[in-house]
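Below you'll find only one chain, the form predicted on its own, shown as structure tokens.
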Amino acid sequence: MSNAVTRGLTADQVQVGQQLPTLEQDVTATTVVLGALASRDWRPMHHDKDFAINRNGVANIFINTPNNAAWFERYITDWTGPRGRLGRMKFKMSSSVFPGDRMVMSGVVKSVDTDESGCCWLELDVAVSVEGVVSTSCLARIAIPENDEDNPWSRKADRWQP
């Protein structure tokens, strides 16, 4: 196994405009319910199909906000590798993701900068699409190592400015 695979991306391997590989995931009722359960979201629209349809007026149960965030975190850190450290994430949900949908996650590097402490920051535009329509858009800021000796997880206090 190569060092790049085990250690992850470093600054010299990333450039503005670079596309992240897509991730496709079929959504099932289990995907939705387990995401809600893991985030302790007991609201019935995330596990009770009858409630979702008849009380909320939607097509089915749907992925909740923390589950959406977890999918973004997984997508980004799968790409950066284990030393990628999420600093910030802001997303907007435009439509719901239901069982039977196929989520397609995609992203692009918007900027690559190094702060005063030597921490390399990437700004990413990331999206979840269903049938070619963006359901959730996300702007994320993630630190990656400047080089093989660097590790954003070792940064503390004033050396960590997300």
Partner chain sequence: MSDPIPDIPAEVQALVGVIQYEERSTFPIEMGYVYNTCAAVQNGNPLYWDAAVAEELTGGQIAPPTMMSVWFRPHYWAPGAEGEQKALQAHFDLKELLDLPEAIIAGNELVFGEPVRPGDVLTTHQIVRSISDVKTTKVGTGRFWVIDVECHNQKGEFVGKDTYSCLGYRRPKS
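Numbering follows the first chain given and starts at 1. Every value quoted in this text rests on a predicted model; they were computed, and no experiment measured them.
Missing here is the form predicted together with its partner chain; even so, the following discussion is about that form.
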Checking Asp115, Asp125, Asp48, Asp41 against its partner chain in the predicted bound form, the residue with a non-hydrogen atom inside 4.5 angstroms turns out to be Asp41
Residue contact check: Ser111 to its partner chain in the predicted bound form, 4.5 Å heavy atom: no
Does at least one non-hydrogen atom of Gln18 fall within 4.5 angstroms of its partner chain in the predicted bound form? no
Do Gly132 and its partner chain share at least one heavy atom pair within 4.5 Å in the predicted bound form? no
Using a 4.5 Å heavy atom cut-off, state whether Ser106 contacts its partner chain in the predicted bound form. no
Can you tell me which residues in 86-101 come within 4.5 angstroms of its partner chain in the predicted bound form, by heavy atoms? Leu86, Gly87, Arg88, Met89, Lys90, Phe91, Lys92, Met93, Ser94
